[in-house]
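Single chain ahead, written as structure tokens, the form predicted alone.
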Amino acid sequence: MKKENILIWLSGAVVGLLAVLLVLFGNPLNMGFCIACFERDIAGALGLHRAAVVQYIRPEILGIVLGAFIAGYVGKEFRPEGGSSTITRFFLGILVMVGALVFLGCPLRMMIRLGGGDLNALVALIGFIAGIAVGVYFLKSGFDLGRAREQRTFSAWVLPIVMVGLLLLLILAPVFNPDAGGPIFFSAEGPGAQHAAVALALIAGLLVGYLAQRSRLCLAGGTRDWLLIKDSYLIKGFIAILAVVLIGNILVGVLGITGVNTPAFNLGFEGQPVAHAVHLWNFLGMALVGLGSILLGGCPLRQLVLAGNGNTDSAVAVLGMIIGAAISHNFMLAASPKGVPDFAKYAVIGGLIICLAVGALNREKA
């Protein structure tokens, strides 16, 4: 087996294993790793939205960026670059988050949910692939947001420095406004109150960031590459995540392992943790994520890794996703286990229209 194939299989397997372990040590069920959910929690912790049940600075996100930052320097691949349609990327980041919070998860959590038996994630996967297929059509038509240019090194350090600052805020938990109780805000109940120990979550994030940078792990990129050039390299990471989460959940049940939260394989549509069974909007929400990810050049996980590796355009997309989480909760655009609000449906349709316009208007042949 080629060295690079070993690396992508290993990266996917480690992500899947950590997703199971983080649930055992406190993360919400079927949410050992979720880029969208965790960025939403960070937005809440900073007071950007006031949904009290999803407020916590997630060390996994900080670790992914810092792990990729370290891997870039170790591998001599750290490249300060950016300046490619920056404002467009910011708003695409917002739209990707809108779609993810309608489904209630990013592409990574989609695979984790599927590994837990949540068939709503299968509907979302079909939508995700459909959105990617539309994005591939635009790529074949000459879609391009412009060439990234070399940036000053400090510009590429900004987001990793911000992540270190967020880590300090998490550890020190300063109260800036005693009357309001924050920021920084911490959920007392709900998903935001369920989390593994800071050190464990940070180490998990560092490991995922490091391996994802070395292997180029990207859930949208795997489907894109297969549809474009029949390259299955990145899809192997996709498969490894699903397989390890599936096996891990089954083994936890068979062996009777228990933890703070106990993963389990529960096949079906109903009764899934932090999920809803409104199939049309699971499909369309992830279609928006798939299309937006292709236009951005990578899924939410890949954007974090690229940002850590010096790409300031991806850093802007990450900031867009965090702001998108705040907008989703402040404007009632996020779904919940109870269902999908009407405002969220309008937002997904509008987001798809905007992404189609971005794809059509940024083709070289246009």
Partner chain sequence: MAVEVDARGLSCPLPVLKTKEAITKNPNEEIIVLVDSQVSKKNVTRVAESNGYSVKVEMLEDEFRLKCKKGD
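On a predicted model such as this, the values are computed, not experimentally measured, just so you know. Positions refer to the first chain, counted from 1.
The form predicted together with its partner chain exists for this protein as well; it is not shown, and the discussion that follows is about that form.
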property	result
Partner contact for residue 190 in the model of the complex: its partner chain, 4.5 angstroms, heavy atom	no
Interface membership of residue 139, its partner chain in the model of the complex, 4.5 Å heavy atom rule	yes
Exercise: residue 252 in contact with its partner chain in the model of the complex, heavy atom 4.5 Å	no
Contact label in the model of the complex: residue 276 to its partner chain, heavy atom within 4.5 Å	no
Contacting member of 91, 143, 281, 269, with respect to its partner chain in the model of the complex [4.5 Å, heavy atom]	143
Triplet 50, 326 and 342 all within 4.5 Å of its partner chain in the model of the complex via a heavy atom	no
Partner-proximal stretch of 94 to 102, 113 to 121, 218 to 226, 191 to 199 relative to its partner chain in the model of the complex, 4.5 angstroms, heavy atom	218 to 226
Within 229 to 250, the residues that have a heavy atom no more than 4.5 Å from its partner chain in the model of the complex	229, 231, 233
